[in-house]
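So this one's two forms of a single chain, laid out as structure tokens and tagged structure 1 and structure 2.
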Structure 1
């Protein structure tokens, strides 16, 4: 049997602002852009949420609902720093940590439990350490699979702790709304409502052939989740695949300045996305599609793991510059990052510099022409 924790910080950005500025403690804090600039709420402190303010709401609406709300502009580098502190506490508890974003992660604590600690004790210790060492509050769900752990962490926020005992998974999930299940978005939920299914319990009791009809290839996986017995592994960072951003142009582009502008914007997007996921990568990939639909990728492996804009921009541009030819135009351009992991310490063998171009930086099977596939 496995033991999984899902941990998610409470009102993360707002909590960091309250931590750094004691004047904000106990007050309704709205982190986000100014209403006069059509700003949006990134998050609100729980003091503001009682007025009906939530993430992704226009700041103008938030201010109408909560006029006493204090608007604070976001400081991403500070959030990234606090996220790093929290993730390293998680990694001291277990090697098997899967960050989902800056403020949440799955931890596989099976080995710790086998070593003699009760899951509840591990969860309490995690909450205490995060509070004492970072000043932040984390809500935690504990169970035998990702599904129940994730739903559990959200159920008792803020400062939540929900333990789903082995054997109680299906019963725990049964009364909850179907849209709480990972993978059931608004459209699927709508479809299920059409079939008279509102709760996870009603979903779980459907016959197998019904699942096959409703979900096709996903049938078994959805059914397992509804019964609270999914066997999704906790994927550590290095097991994550890639993060990328690509665009198909309305008109093919051949102009160097224009291409450079696009590739740099894509690179910045990738850097931000890596940051949001708490990831650093070493291999920058460039995907290109020519006017005749020939599609190919080029890649460059850096000496270190990074999610900084500059080196990613530089590598992506260098890869593109090597492909520019007079008269050659592009219909699609994408930038991606793979080869995730922790930043290597200086002096480790991994930090040796690889040449920028040439075959040395290509993995087998890469930098090939694949006209039909992405």
Structure 2
């Protein structure tokens, strides 16, 4: 039996700003860009969240909801420094640490528990050390798998601690809203609601053929997770899975010539980054955000791996051209490359793929969200 912790620092960026500037303690802090520059909230302190402010919200909206909010520009080098302190504590507890971002990670504490410590004791020690040694607050979920631990860490924020005992996974998940389950986005949840499914327990009760119809190749994975079963290991490798470059425009852009110039410059930048890292990719991804903040990706898989700028430019432009419509404007554009590997061997089948959406796990109509720290 495995024992997994999911640790998630509370309102991380805002917490660091309050830690470094005591005058901000107890006040609504909005970390992000200025509203006049189309800034977006990267994270908000809990004092600001009571006004309905949340990450990824336009700063202009956040200021309207919380006029007394204090806007602080992000200091990513400082956040990275504090994140390093926290991750060092995690690695002193166990070697099996999988960072998901600067502010959250999975820890496999199975060996520690086998050695005689109780999961609750390990979690309490982790929370105490983070608070005493870094001044930050971390919420923790403890369970026998990643899915349950991650959901647990989010249930009692801030400063939360939820321990799901072995054997109680399905009972713990059953009453929770179905969108608490990883991989169930807004569109998927809406579709499930149309089927009369509101909770994870109701989802878990469905027959296998129903899962196959609703989720296709993801059917077994979603079904198992809904039942509290998840065998995915804690991965310690930190190899790059993608290289990308994006920009948010000061003003929305709809002009084809201007957009083409931006997408080609981004593609060239990605090509140069690939070359510097000694990587070659096969799948070009385009990330777009519309004027109404709808965010989605498109992707194109080439017949070979490359870091040459011309084919990357051509693929990125083709993806963008397919999205251009009269009157449609964009506020963010990004180009990325993934699916790393070596050149295709001679004789390898030259297949090309152009999925409707960049995330194979998305149902038709699901936009792939741009996650910001929270």
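Residue numbers count along the first chain shown, from 1. Bear in mind the structure is a predicted one, so any value in this text is a computation, not a measurement. If you superpose the two forms and keep the largest set of C-alpha atoms that fall within 1.5 Å, you have the rigid core.
- Message: If I had to pick the form predicted together with ligand TTP out of these two, would it be 1 or 2?
- Response: Answer 1, the form predicted together with ligand TTP.
- Message: Aligning on the core only, does the CA of residue 150 end up 2 angstroms or more away between the two structures?
- Response: After core superposition, the displacement of the residue 150 C-alpha between the two structures stays below 2 Å, so no.
- Query: Would you say residue 281 moves its Cα by 2 Å or more between the two structures, aligning on the core?
  - Reply: Where the cores coincide, residue 281 still shows a C-alpha shift between the two structures that is 2 Å or more.
- Query: So with the core overlaid, does the Cα of residue 316 end up 2 Å or more away between the two structures?
  - Reply: It does, since the residue 316 C-alpha is displaced 2 Å or more between the two structures after the core fit.
- Message: Core-aligned, what does the C-alpha of residue 266 shift between the two structures, expressed in angstrom?
- Response: It moves 5.7 Å at the C-alpha.
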